[in-house]
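Given as structure tokens, the chain that follows is alone and in the form predicted on its own.
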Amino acid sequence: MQSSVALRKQPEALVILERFLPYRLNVLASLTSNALAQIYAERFGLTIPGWRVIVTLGQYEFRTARDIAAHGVMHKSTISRAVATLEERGLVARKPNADDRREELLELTPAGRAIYEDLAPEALAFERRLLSVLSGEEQGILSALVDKLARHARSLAPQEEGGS
């Protein structure tokens, strides 16, 4: 005897996750981030937020926690915790912001700069390995499409203080 559940026709799915672009992008981002995290977590003991702080300060030299949060599309409290951990490790230092006394500027210490300089070539090599399955033309198209979608997504997303 078959159960009544088995006899019921399954409704047609309105959203097929495996074809839904936001889901697919999230899966790709998670897979990529987890693979990259193996490099900076194992070798340098960095979390994802810590990695983003180190790389942002390596790129821009001085930034506020608010700037880093907006740049990395992360909540300011996440960045603040990462900064506190990096500061305890002697990788990040704070200095007064002459333009706004309510905020402090963050910068890499010499030890933080050394990690950035060791990590950057490995991150770029990872990016090359990831993109190696695409032709040069496909890589250019992907970059342009990601930029276009990111600009449009920013216009669709509500603006929150400090990112999310």
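Counting begins at 1, following the sequence as shown. Because the structure is a prediction, the values reported are computed rather than measured.
The same protein has a further form, the form predicted in complex with another copy of the chain, not shown here; the description that follows concerns it.
Visitor: Closest heavy atom of residue 97 to another copy of the chain in the predicted bound form, within 4.5 Å or not?
Guide: Heavy-atom contact with another copy of the chain at 4.5 Å: absent for residue 97.
Visitor: Any of the heavy atoms of residue 109 lying within 4.5 Å of another copy of the chain in the predicted bound form?
Guide: Residue 109: no contact with another copy of the chain in the predicted bound form.
Visitor: Whether residue 123 contacts another copy of the chain in the predicted bound form should be assessed with a 4.5 Å heavy atom distance threshold; does it?
Guide: Yes, contact at 4.5 Å.
Visitor: Determine whether any heavy atom of residue 47 comes within 4.5 Å of a heavy atom of another copy of the chain in the predicted bound form, and answer yes or no.
Guide: Residue 47: no, not in contact with another copy of the chain in the predicted bound form.
Visitor: Looking at another copy of the chain in the predicted bound form, is some heavy atom of each of 71, 146 and 154 within 4.5 Å of it?
Guide: Checking in the predicted bound form: 71, 146 and 154 are all within 4.5 Å of another copy of the chain.
Visitor: Residue by residue through 13-31, tell me which have a non-hydrogen atom within 4.5 angstroms of another copy of the chain in the predicted bound form.
Guide: Those in contact are 13, 14, 15, 16, 17, 18, 19, 20, 21, 22, 23, 24, 25, 26, 27, 28, 29, 30, 31.
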